[in-house]
Ligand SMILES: Nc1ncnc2c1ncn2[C@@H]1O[C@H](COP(=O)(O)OP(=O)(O)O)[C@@H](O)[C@H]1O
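The chain that follows stands alone, in the form predicted alone, written as structure tokens.
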């Protein structure tokens, strides 16, 4: 029996779906490498726990940046490990479907395909992120009706109006959850002269961060390294401060949604006004982002039940209904 798999190879997280079995695993897109010989020591959750806590010869590497391959060899190793974890050996080469951002260039798309084929895939097909997200969210993509999906990932934010099985208009910015984390790190460094790691920034973002004013603003204590003394230092930050730190990046995401709507045919815009915006992706779980989008676009916003899994579930549905959905693949 063929063991075809779908991979949501995200900048932040990698989710894998196997035909007939569902989601196999969801882990951070990180590899821990021995810098001296290039061997892989850990991947996923185990490698994520090593970030900022390893000896000099061990490096935690993210093979993708802004949704694109930044290190081909490491990405190839990652895909090979994914195939191994899915129980696929050298003799049983699977058909692989990989989700890619719509903003990728042809060269970047070829790099993804070559990495999968080099890692042991029999064939590699690509599907664009907003299309997979729309399928995973249960939107009627094949009907003559405008469906607006917004997928905020770790490295990119994708917006698309989909009708009759195709993307009519789309907008993408290479800004996502990592950029919000980086903005928090920069703000704390600038305002409090302490350095915090990306894990701490992400934790504080989900703990008290928001894109829209909260009914009751919150505070939280964070610990970092004092840049002047090098010693640990505790500071108290507020949700208002984090909102200010992320404001510029969030404005870019909202702007891409407005651009996509304004570029769409009037009849499809009417559908969007009626049906609303569907929000998916790990970054979409930032508190208040749905409220901000609804206010700025003057359109109701619905967050999917499984925002982090929507994309890989959509790609998985393509595996299960290959003949019916193959037409939505990139370049099909």
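Residue numbers count along the first chain shown, from 1. All values reported here derive from a predicted model rather than from experimental measurement.
There is also a form predicted in complex with the ligand; it is not shown, and the following applies to it.
Asker: Quick check on this chain: which one of 44, 276, 282, 288 has a heavy atom within 4.5 Å of the ligand in the model of the complex?
Answerer: Spelling it out, the residue with a heavy atom inside the cut-off is 282.
Asker: I'd like to check something about residue 202: if you look in the model of the complex, is any of its heavy atoms closer than or equal to 4.5 Å to a heavy atom of the ligand?
Answerer: Yes - in the model of the complex, heavy atoms of residue 202 and the ligand come within 4.5 Å of each other.
Asker: Is there any non-hydrogen atom of residue 308 lying within 4.5 Å of the ligand in the model of the complex?
Answerer: The answer is yes: residue 308 has a heavy atom within 4.5 Å of the ligand.
Asker: State yes or no: in the model of the complex, is some non-hydrogen atom of residue 206 no more than 4.5 angstroms from a non-hydrogen atom of the ligand?
Answerer: Yes, residue 206 sits close enough to the ligand in the model of the complex that at least one of its heavy atoms falls within 4.5 Å.
Asker: Does any heavy atom of residue 18 come within 4.5 Å of a heavy atom of the ligand in the model of the complex?
Answerer: Flag for residue 18 set to no.
Asker: Looking at 140-148, 183-191, 220-228, 154-162, which lies within 4.5 angstroms of the ligand in the model of the complex, counting heavy atoms?
Answerer: Stretch 154-162 is the one.
Asker: Considering only 103-130, what residues come within 4.5 Å of the ligand in the model of the complex, judged by heavy atoms?
Answerer: Stretch hits: a single one, 129.
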